[in-house]
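This document starts with one chain, in the form predicted alone, laid out as structure tokens.
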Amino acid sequence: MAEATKVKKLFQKTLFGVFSLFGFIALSMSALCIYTVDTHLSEEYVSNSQDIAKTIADSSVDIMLNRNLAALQSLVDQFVEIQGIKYIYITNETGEFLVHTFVPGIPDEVLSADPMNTASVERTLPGMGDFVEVGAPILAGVAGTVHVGMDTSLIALKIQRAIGRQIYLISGVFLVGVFAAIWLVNLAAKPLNALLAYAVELARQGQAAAGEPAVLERNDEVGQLARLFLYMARQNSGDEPAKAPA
């Protein structure tokens, strides 16, 4: 038992290196997957929001020209039912809010923002959450702008779903790799244990008492070392040495 423990100590650094390598690969792949999926979904999210804002802008031209605010409110209420859209508001060319879907009222963060800005911005609205807001001009901004707020928590949920299966797969590979590494190290340690036991027996009782164990018949480095030990034992015992092992 003590001999086996000594041999296994030789592979402690090897096992630690293997475990560290598997852990690094698992963490790296997880981080890369999260970053890739997050970037892809965020870009797709913003692109879809811009398309929706443009659709609303194109659909509201005639309504705004007729000053039919009831029909305009009905239009934005229909689009806010789309998954991910949390709020929509439309302003005229002077920045006045014409219609919106905020309940009970427009948040101060939205009121203080530039209504003519159609670039993508990130907003945190108290009591509502985090959003990505995009805008689209109506008649090139002459008639006003449309702003659409998309809930970013939906992105996080999709990322969790997309990454979850990959994390499970990576974790499974990691566990299999760890057990495989332990099995391979034990497999490599077994002939070394036999060699160590043979060397100890050879040192205690001499080459005559050591017999011809199976370790001498091996064709690998362990067998070569065993034959070398036997050759040296015969020299030290004063017997006529056989041909030196290759």
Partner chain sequence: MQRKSSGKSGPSSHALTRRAALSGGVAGAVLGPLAHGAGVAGAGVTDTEFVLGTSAAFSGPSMGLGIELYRGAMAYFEHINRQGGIGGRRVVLKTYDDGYQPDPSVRNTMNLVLEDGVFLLFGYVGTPTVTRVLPMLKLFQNRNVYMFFPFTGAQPQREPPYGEFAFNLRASYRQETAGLVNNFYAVGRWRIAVFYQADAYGRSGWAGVRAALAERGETIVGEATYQRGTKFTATMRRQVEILQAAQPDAVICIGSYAACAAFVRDAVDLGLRVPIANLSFVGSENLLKLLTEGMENSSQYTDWLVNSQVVPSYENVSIPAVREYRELMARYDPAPPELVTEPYTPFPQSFVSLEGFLNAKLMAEVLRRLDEPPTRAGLERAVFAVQGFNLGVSELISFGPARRQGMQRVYYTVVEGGRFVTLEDWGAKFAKT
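Positions refer to the first chain, counted from 1. In this text, all values refer to a predicted model and were calculated from it rather than measured experimentally.
Here the subject shifts to the form predicted together with its partner chain, a form of this protein not shown in this document.
Proximity to its partner chain in the predicted bound form, taken as a non-hydrogen atom within 4.5 angstroms, holds for one residue of 99, 110, 134, 170, which is 99. Contact with its partner chain in the predicted bound form, defined as a heavy atom within 4.5 Å, holds for exactly one of 68, 193, 59, 30, namely 68.
Contact with its partner chain in the predicted bound form, defined as a heavy atom within 4.5 Å, is made by none of 186, 201 and 214. In the predicted bound form, residue 77 approaches its partner chain with a heavy atom inside 4.5 Å. By the criterion of a heavy atom within 4.5 Å, residue 73 is counted among the residues contacting its partner chain in the predicted bound form. Using a 4.5 Å cutoff between non-hydrogen atoms, residue 106 counts as a contact of its partner chain in the predicted bound form. For residue 122, no non-hydrogen atom is located within 4.5 Å of its partner chain in the predicted bound form, even though that partner is not displayed.
Of the stretches 78 to 86, 158 to 166, 139 to 147, 113 to 121, only 78 to 86 has residues with a heavy atom within 4.5 Å of its partner chain in the predicted bound form.
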